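Below you'll find only one chain, the form predicted on its own, shown as structure tokens.
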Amino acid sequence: MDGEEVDAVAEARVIPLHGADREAPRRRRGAVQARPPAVVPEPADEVPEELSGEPGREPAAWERRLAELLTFARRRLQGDYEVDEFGFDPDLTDHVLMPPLRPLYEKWFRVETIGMHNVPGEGGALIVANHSGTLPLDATMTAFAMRADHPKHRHLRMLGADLVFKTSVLGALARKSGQTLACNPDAERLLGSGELVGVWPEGFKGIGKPFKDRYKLQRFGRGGFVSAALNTGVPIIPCSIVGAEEIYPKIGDIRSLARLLGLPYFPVTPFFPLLGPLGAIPLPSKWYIEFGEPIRTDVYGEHAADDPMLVFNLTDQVRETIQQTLYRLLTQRRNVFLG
């Protein structure tokens, strides 16, 4: 997922951080949001007696899942579901697109969330995160974390690159899951309607950077995401993701093949394309996703987005907060795969 592709910005100035927490993730395990059981998908209606076998018996897990699927199929056939103006289908997202991600989230990457209390339970907010990993699994895992671990189980409306929506099947699925084009008009409409929006301003520069540059943030551009937040008065929440850099260590790039396929890069990793499809399996690194303290934008006035220095300073503050949090999490991590 990416933000606005722009020319290089001026040399960044370090802005004081907003109360960065210095405790290690291991010491803060009590602050990690507990995962409620079976949030994604939501529980189905009561299991019919013809499925449970006998009256009064507690249905088995497979019976409940079957009942959920039958209930879902009935809703789809009857047209009893809603799709918003952007193409977002929450019913399909919760019951078809989200469930396959749970094993990846809980068992493979063993994601731990920190600071989930900083994400509001209602109203618009803009989550700004670092981007990495060769494939954008970090964005997908962040969206799942918000739906599964947030007390209000919110959907994260992600802003994506043009390439996503130009790809037929991928673009359709992206729309169904709530994504939209990374542009200010769409972002402001979502934020203004009270949605939780996610943006990854590094774009392809972030996810496509070589492994030797891991956890070094790329340019954030001219701050289009800050302007969207200022125009709608919603808080900006810095999000730092540790673990995604190691899933596909990029050690090379076949540029001629990338141009042929219309891709920003064609990665070479220690296992891909050498091992073929097996090389596409991500390494099971241990992940931390930390949500920082909200940065308010409703205190700057109605035309604050027209002030380029304010936009620059806020952009730099968000970037520096994420970078310093990444450094802190990395120094506290003992092992890439064990955390």
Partner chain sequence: MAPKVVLVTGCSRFLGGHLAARFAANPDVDRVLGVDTEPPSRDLLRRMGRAEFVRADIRNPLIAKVIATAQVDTVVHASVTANPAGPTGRTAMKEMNVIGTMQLLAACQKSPHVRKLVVKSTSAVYGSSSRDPAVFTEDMGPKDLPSSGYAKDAVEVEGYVRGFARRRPDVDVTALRFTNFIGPRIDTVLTRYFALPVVPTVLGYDARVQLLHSEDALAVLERAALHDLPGVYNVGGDGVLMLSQAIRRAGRVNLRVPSASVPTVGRLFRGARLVDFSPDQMRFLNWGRVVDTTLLKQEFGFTPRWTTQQAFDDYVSGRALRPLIDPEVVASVERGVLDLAARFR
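So that the term is clear: the rigid core is the largest set of C-alpha atoms that superpose within 1.5 Å between two forms. It should be emphasised that the depicted structure is a prediction, and the values quoted were computed from it without experimental measurement. Residue numbers count along the first chain shown, from 1.
Heads up, the form predicted in complex with the partner chain isn't pictured, but that's what we're talking about next.
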Complete contact of F204, F266 and F271 with the partner chain in the predicted bound form (any heavy atom, 4.5 Å): no
Give me the residue from L135, V96, A258, V83 that has a heavy atom within 4.5 Å of the partner chain in the predicted bound form. V83
Taking 4.5 angstroms as the cut-off for heavy atoms, does K176 touch the partner chain in the predicted bound form? yes
Close approach of E63 to the partner chain in the predicted bound form, 4.5 Å, heavy atom: yes
The partner chain contact in the predicted bound form: R74, any heavy atom under 4.5 Å: yes
Using 4.5 Å between non-hydrogen atoms, is K166 touching the partner chain in the predicted bound form? yes
Interface segment, criterion being heavy atoms within 4.5 Å of the partner chain in the predicted bound form, picked from 244-252, 217-225, 75-83, 143-151: 75-83
Counting only heavy atoms, which residues in 175-209 are within 4.5 Å of the partner chain in the predicted bound form? R175, K176, T180, L181, C183, P185, D186, R189
Establish whether a shift of 2 Å or more occurs at the C-alpha of L66 between the shown form and the other one, with the two forms superposed on the rigid core. yes
